[in-house]
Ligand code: BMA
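Next up is one chain by itself, shown in structure tokens, the form predicted alone.
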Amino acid sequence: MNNHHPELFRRHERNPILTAADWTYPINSVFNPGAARLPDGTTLLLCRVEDRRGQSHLCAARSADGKGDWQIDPQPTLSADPKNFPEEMWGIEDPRITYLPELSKYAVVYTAYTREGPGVALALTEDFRRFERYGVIMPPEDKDAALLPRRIGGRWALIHRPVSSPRANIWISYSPDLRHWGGHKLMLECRRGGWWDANKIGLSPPPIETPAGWLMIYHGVRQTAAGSLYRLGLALFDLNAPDRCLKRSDEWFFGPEAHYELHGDVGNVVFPCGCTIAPDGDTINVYYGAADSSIALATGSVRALLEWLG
């Protein structure tokens, strides 16, 4: 670990880039978007939108440069469907998008808010207009989930964050068909004591495949006298055995600083669910929820993240 603190993520000068005021219909807040770079270069954000009832749905916003001039769908893109999927009774949240070349489809893994709390649900789409829903694939309490883009040893791999005690760790599970899941393994454990990532951690965007391994940006939650504090760290996993952690940062590298991250519906939160990699293969745009109220953008370099990790 380096002792100096380089600015690994640079906040966009026009942050927050999307707020409730931008929306095409009345909402309370917009945050925690999944992200995808479409074949034509367009950036698509599948945003978590909280309506004025307090329930969430997903709505797409598209931008040619991934920074401004967002074209927002005139109505919800993917809404809870409690009639056919009663597990989505209280809304759907926090999508993470992975393109699966084998299927020529995008996998959207999201949180379904059930009677028993949050569970992990899956839908596949080619165009973000029609979705094939698989329903809940991990029962409550479980969230912060994403698929890896390709099979590992012939099986699909899902990273997720089940909660079975006051502590919460990151797990990985495997499936032959995206429906039946097993081979569950603990992937990354939260630390104990006064660490920035003690007691509760979770995946942020889907991991980034690099020659060195799967690069994971993850969030850690520290309980303070003033409430929960969400910050980001890094870990690296073996490409062919992704439950094997190769490296992990001792320190956090990005946390709430700007006013829009410190103040909102839930203050002191930076929470990325999506990122895109530019055509240069190195520049990373990270889209994150700020204080559960707006969407902000930070830009960095995959190479610099790996160097910082050591």
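Small disclaimer: the values here were computed from a predicted structure and weren't measured. All residue numbers are counted from 1 along the displayed sequence.
We do not show the form predicted in complex with this ligand, though everything after this point is about it.
Visitor: Each of Arg11, Phe253 and Arg303 near this ligand in the predicted complex, meaning some heavy atom within 4.5 Å?
Guide: So, no: the whole triplet misses this ligand.
Visitor: Select, from the options 264-272, 278-286, 38-46, 238-246, the stretch whose residues sit within 4.5 angstroms of this ligand in the predicted complex by heavy atom distance.
Guide: Single hit among the candidates: 264-272.
Visitor: Can Asp142 be called a contact residue for this ligand in the predicted complex at 4.5 Å between heavy atoms?
Guide: No, no contact at 4.5 Å.
Visitor: Considering non-hydrogen atoms and a 4.5 Å limit, does this ligand approach Lys200 in the predicted complex?
Guide: Output for Lys200 is yes: heavy atoms within 4.5 Å of this ligand.
Visitor: Does the 4.5 Å heavy atom contact test between Tyr230 and this ligand in the predicted complex come out positive?
Guide: Yes.
Visitor: Tell me, yes or no, whether Asp73 is in contact with this ligand in the predicted complex, where a contact means a heavy atom of each within 4.5 Å.
Guide: Taking the distances in the predicted complex, the answer for Asp73 is no, it never comes within 4.5 Å of this ligand.
Visitor: Which residues from 77-114 come close to this ligand in the predicted complex, meaning a heavy atom within 4.5 Å?
Guide: Residue within 4.5 Å: Asp94, and no other.
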